[in-house]
Ligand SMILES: Cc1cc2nc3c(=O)[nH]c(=O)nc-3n(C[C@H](O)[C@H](O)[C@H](O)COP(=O)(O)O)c2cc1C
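One chain is shown next in structure tokens, namely the form predicted on its own.
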Amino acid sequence: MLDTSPSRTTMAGLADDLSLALDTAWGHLMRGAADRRSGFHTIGLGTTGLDGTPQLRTVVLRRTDREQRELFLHTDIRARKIPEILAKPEVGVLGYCQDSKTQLRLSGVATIHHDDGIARAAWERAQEMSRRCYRVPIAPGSAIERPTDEPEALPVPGDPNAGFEAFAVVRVTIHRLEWLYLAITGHRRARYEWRDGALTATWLVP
């Protein structure tokens, strides 16, 4: 992975090198999936609601595969984003890191993985505290009268698969990436698009 620390990635290099800027962007996404202290560990996921309105929520970036241009997120199969993605799989992703002064805007197509090999592998990597979220007996976003009415996870001692039936992975294949770097010496912005396996890149006015 490209070292994106200030000592290696300088404004001088990013100012005129589209390839280096793209390496830096993917480096941020890879680090975001691996390091919860990264500004890209939590990102915004945008979908189209069933009523046609834009929907946006914060999600945790769980895994990044640069070679396949894929991001992986975890969710509850009962969540409202699931039918939205199934109806219209085109999604947007937004992330910003204060430390690196970098914004990433991505567009792609989402695929839902539920009760399959990808979901199983992700479930086995998940920590117990994360698995508990999927043992709650009612769907996320369900109406309750008081905050104290929030149901607790069902107790299932000794069963590592409890909750797996509600667990899902959202895989986003990226088709467009916009990188914005904010610097006092001059901002830089670039767009990268993949069409039929071919990459086109261009600088943009920040």
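Please read these numbers as outputs of a predicted model, since none were measured by experiment. Counting begins at 1, following the sequence as shown.
Absent from the display: the form predicted in complex with the ligand. The rest refers to it.
S.K.: Ok, 50, 162, 60, 139: which has a heavy atom sitting within 4.5 Å of the ligand in the predicted bound form?
M.R.: The option sitting close enough to the partner is 60.
S.K.: Using heavy atoms only and a 4.5 Å cut-off, determine which of 79, 94, 121, 97 is in contact with the ligand in the predicted bound form.
M.R.: Checked against the cut-off, the match is 79.
S.K.: So, residue 105 and the ligand: in the predicted bound form, are they within 4.5 Å at any heavy atom pair?
M.R.: It does not: once the ligand is placed as it appears in the predicted bound form, residue 105 has no heavy atom within 4.5 Å of it.
S.K.: Going by a heavy atom distance of 4.5 Å, is residue 173 a contact of the ligand in the predicted bound form?
M.R.: No, residue 173 stays farther than 4.5 Å from the ligand in the predicted bound form.
S.K.: Indicate whether the ligand has at least one heavy atom within 4.5 Å of a heavy atom of residue 113 in the predicted bound form.
M.R.: Contact with the ligand, no.
S.K.: Is residue 74 close enough to touch the ligand in the predicted bound form, meaning at least one heavy atom pair within 4.5 Å?
M.R.: Yes, contact at 4.5 Å.
S.K.: Which one, 177-185, 50-58, 25-33, 63-71, holds residues whose non-hydrogen atoms are within 4.5 Å of the ligand in the predicted bound form?
M.R.: Comparing against the ligand in the predicted bound form, the contact stretch is 50-58.
S.K.: Scan 113-146 and note down the residues that get a heavy atom within 4.5 Å of the ligand in the predicted bound form; none is a fine answer too.
M.R.: Nothing in the stretch sits within 4.5 Å of the partner.
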